[in-house]
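A lone chain, given as structure tokens: the form predicted alone.
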């Protein structure tokens, strides 16, 4: 229940404050969101499997976001930012769908 309350408070604060993303960080935001979603789905799967650890979740969340952003940043500096961005999204997308399938199997016992 605390997580849902935190989500509601965060959405309301975002709508009221209307934060501005700096132009230099803008290309990395979608990648960071996908990396964060990967960590969230992994945490949900771990919770359903009974092996959730909050420290592991926080480290996974932060490291996923930082590593994904660094890969895209490095790709931008090498001139292959679009290709590395696509690669990061594909890899994280595969992980997200794998975790979603495991969550579905656990919830529906299928």
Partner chain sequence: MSDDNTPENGLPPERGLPPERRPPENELPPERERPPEHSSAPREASQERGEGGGRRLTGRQRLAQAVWPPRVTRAQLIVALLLFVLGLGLAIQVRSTSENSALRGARREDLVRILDELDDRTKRLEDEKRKLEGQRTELETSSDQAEEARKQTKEKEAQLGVLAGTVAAEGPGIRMTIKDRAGAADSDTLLDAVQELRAAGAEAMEVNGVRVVASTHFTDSGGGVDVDGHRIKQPYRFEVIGKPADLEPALNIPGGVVQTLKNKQATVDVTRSGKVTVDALRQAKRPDYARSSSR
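Everything numeric in this text was worked out from a predicted model, so none of it was measured. Positions refer to the first chain, counted from 1.
Omitted here: the form predicted in complex with the partner chain. The next part is about that form.
Contact check for residue 70: every heavy atom lies farther than 4.5 Å from the partner chain in the predicted bound form. Interface membership of residue 47, defined by any non-hydrogen atom within 4.5 Å of the partner chain in the predicted bound form, is confirmed. Under a 4.5 angstroms non-hydrogen atom cutoff, the partner chain in the predicted bound form lacks residue 87 among its neighbouring residues. Though the partner is left out of this view, residue 14 does reach within 4.5 Å of the partner chain in the predicted bound form, counting heavy atoms only. Residues 13, 14, 15, 18, 19, 21, 26 of 12 to 26 are found to place at least one heavy atom within 4.5 Å of the partner chain in the predicted bound form.
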